[in-house]
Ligand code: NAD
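Presented below, as structure tokens, is a lone chain in the form predicted alone.
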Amino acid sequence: MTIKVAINGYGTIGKRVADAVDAQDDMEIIGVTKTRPAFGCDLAVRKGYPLYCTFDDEERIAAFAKAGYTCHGGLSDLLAVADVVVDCSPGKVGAANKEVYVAAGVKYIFQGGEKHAMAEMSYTSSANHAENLNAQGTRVVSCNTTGLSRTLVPLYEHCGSLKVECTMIRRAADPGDSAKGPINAIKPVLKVPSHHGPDVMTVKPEIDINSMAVAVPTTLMHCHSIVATLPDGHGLTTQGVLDLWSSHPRIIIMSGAQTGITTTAEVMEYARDIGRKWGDLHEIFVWEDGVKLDGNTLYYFQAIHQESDVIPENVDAIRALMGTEEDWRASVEKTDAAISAYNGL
């Protein structure tokens, strides 16, 4: 079975999801949408992805032809030939889009900019792949929530309980976004908890987590400062924690002292050096020398590439909704190997 995938919104996330899907041998991209003729249309054409308009309005559709692009129709035309649509539209428009998807009878995946209640399901591969099997729709949680899940879920599964306090040191904007700040300030999120902790509990409600967040003037990555309280009798050491994470996919552990990679800028340079497309880092980066287990208290830092850690999760979520792979580890292995081969790595 080849899963027919539509991408609604061919921007920062959409273009990455499209390529990740295109890499898979059990999926195909049947179309991507743009709201209007723009540079992203050129990229889609070069990739060979059929181009559709986000709207069904004939005047908007005609604007693509006037700009020299072949437009295959509006969103309804795309959904008519799709098995599943990955919604990569700007946040807060999901509710209206969901009505369209439900009416078209296609499965749907939203991104972390939407609320859990809107999709009624949330997803990360390691936390709740099985719960999403054959669901009508889900939401791949945000980049920060995905990153937290990658390291906290293995700890919870080993220990049986977990209490977490974390601070999200957030990038101000994506590299291509010139309309956001702060430029010369540190901006605390004046809501406690920030949405990140409660969002983790949408995929693993057993984890007791509280979160705070600040935005800082960088566009490269997010950085998490995490304090986790493990239960008595956890049986772990600092090295044991590192070994536990090493046995799970999509986590990179490196020593800052040994590698010289001590900042998020150097983490991103590492991603470029190893030949990742767009310099992406799908994995969560953990500094080995920033991890310490003191009794029952675990301290660590991790870095999150906001543009890319959710990309492979979308591919795994497609398999979950379509019921084509029940084992989350098998899906992750297939997804990651295909993306690496696609990028010639």
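In case it trips you up, residue 1 is the first one in the sequence shown, and so on. From a predicted model like this one, the values you see are computed outputs, not experimental measurements.
We do not show the form predicted together with this ligand, though everything after this point is about it.
- Every residue in the set Gly11, Cys88 and Cys143 has a non-hydrogen atom no more than 4.5 Å from this ligand in the model of the complex.
- For the candidate set His224, His129, Arg171, His196, a heavy atom within 4.5 Å of this ligand in the model of the complex is found for exactly one residue, namely Arg171.
- With the partner omitted from this view, the residue of Thr264, Asn97, Thr229, Thr202 that lies near this ligand in the model of the complex is Asn97 [heavy atom within 4.5 Å].
- Residue contact check for Val93: one or more of its heavy atoms lie within 4.5 Å of this ligand in the model of the complex.
- Proximity of Gly112 to this ligand in the model of the complex: non-hydrogen atoms within 4.5 Å are present.
- Interface membership of Arg319, defined by any non-hydrogen atom within 4.5 Å of this ligand in the model of the complex, is ruled out.
- This ligand is not drawn, but in the model of the complex it has a heavy atom within 4.5 Å of Lys34.
- Segments offered: 306-314, 23-31, 42-50, 292-300. Contacting this ligand in the model of the complex at heavy atom distances within 4.5 Å is 306-314.
- Contact residues in stretch 190-218 (any heavy atom within 4.5 Å of this ligand, taken in the model of the complex) are absent; none meets the cut-off.
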